[in-house]
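As structure tokens, one chain now follows by itself in the form predicted alone.
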Amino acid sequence: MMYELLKFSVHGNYQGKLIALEKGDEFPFDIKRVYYIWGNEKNVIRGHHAHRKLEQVMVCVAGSCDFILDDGREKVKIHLNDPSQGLYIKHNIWRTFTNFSKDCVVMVLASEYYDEADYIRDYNLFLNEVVNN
């Protein structure tokens, strides 16, 4: 499956901590879009899509949640609860996320600008495009 858990370098002292994300050894692509998600009820399920081209890194900057990744052959669940860790999801992976803590904030860093044509929002179409090709 095309995902990876990235560990970011944390810089800090008695004043606090800082993580800088830059393309290079620790980050896999140039960032073209950033957004964040918060205020979700615990058991709501978000996502329900895949991307044809776009790659993303998901960072749970506060709280925790679970990501369920599906490549059409295998499903894995990843629990995020550490702001120094990012879930790198490559293209053609169906994703949902749920099990949000009350304080959960998920920051998403994307390799491309928003393009509705890049989304696969129907699971059967996803299977047809990704698995059967």
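Values in this document were obtained by computation on a predicted structure and should not be read as measured data. Don't overthink the numbering: it's just position in the shown sequence, from 1.
Beyond what is shown, the protein has a form predicted together with a small molecule; the following relates to that form.
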Partner-contacting position among 42, 79, 46, 75 - heavy atom within 4.5 Å of the small molecule in the predicted bound form: 46
4.5 angstroms heavy atom contact with the small molecule in the predicted bound form for residue 69: no
Residue contact check: residue 121 to the small molecule in the predicted bound form, 4.5 Å heavy atom: yes
Proximity of residue 87 to the small molecule in the predicted bound form, heavy atoms at 4.5 Å: no
Heavy atom of residue 33 within 4.5 Å of the small molecule in the predicted bound form: yes
